[in-house]
Ligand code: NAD
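Presented below, as structure tokens, is a lone chain in the form predicted alone.
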Amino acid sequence: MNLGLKGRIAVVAASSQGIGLATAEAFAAEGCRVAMCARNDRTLNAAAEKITETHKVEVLAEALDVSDAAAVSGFVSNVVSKFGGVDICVTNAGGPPAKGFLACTLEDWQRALEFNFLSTVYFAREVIPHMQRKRWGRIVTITSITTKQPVADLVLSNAVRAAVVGLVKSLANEFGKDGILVNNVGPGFTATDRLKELARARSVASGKTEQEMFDSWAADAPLRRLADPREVAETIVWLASERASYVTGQTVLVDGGLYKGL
């Protein structure tokens, strides 16, 4: 199936590892020019070099903190200078720490807000004017199944990511007339470093081994396994493609059926 993405310019945040990296690779495989960012420049540059060598596409990599509005603005400006615009923007950031409510400090709440909500605001503010000029654009946010079904010990994620869904719906409503589609992808339990962090926290609290935690999460999903980051990435690429041209304002769960609601 031709996704109609060859030559498009895709920005993927927090893309040095995990779902972000898998997403950058998936866009490159479709022939997109890819702009990647993450905080760790060594890991980021290694990932960018591998994508360039494998897929023979142009890649821009820049180390930055997505919670820094000025840094995001400068990054998008560099993308436009190098590639001539922005067609697709995938917002992403590392999840907040696994904690219960009373264990969360005010600093934890502020940091979660900055990383997991305001970072999306910063990217949207920068890319939407470029998309409006083309009358074509795709914004896809990466959040979590927590936007539909809260997860124990993830109160920061449960609360802050819900705000992203409200933003997605608002942007979809406001900018649909400009040909800009805005959607959210909510992964379930996915085999990433983030899940390893959660497994360690749960292991300490429950007395179970980390492997037992992984096994229990896999057992909760009807598919009886964890997701591979590439499975989330391919959903994101589809949402950004011409094949999803009438889909906007939606949250698509990639959770193996873990969500129990209708």
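Fair warning: this is a prediction, and the values are worked out from it, not measured in the lab. Numbering starts at 1 and runs along the sequence shown.
Below, we refer to the form predicted in complex with ligand NAD, which is not included among the displayed structures.
Residue contact with ligand NAD in the predicted bound form: residue 241 places no heavy atom within 4.5 Å of it. Using a 4.5 angstroms threshold between heavy atoms, residue 233 stays clear of ligand NAD in the predicted bound form. Put simply, residue 193 is close to ligand NAD in the predicted bound form: some heavy atom of it is within 4.5 Å. Ligand NAD in the predicted bound form is not approached by residue 48, whose heavy atoms all lie more than 4.5 angstroms from it. Partner contacts here mean any heavy atom within 4.5 Å of ligand NAD in the predicted bound form, and among 53-61, 201-209, 31-39, 233-241 they occur only in 31-39. Interface residue among 117, 189, 75, 122 relative to ligand NAD in the predicted bound form, by the heavy atom within 4.5 Å criterion: 189. Although the partner is absent from the chain shown here, 19, 95 and 143 each have a heavy atom within 4.5 Å of ligand NAD in the predicted bound form.
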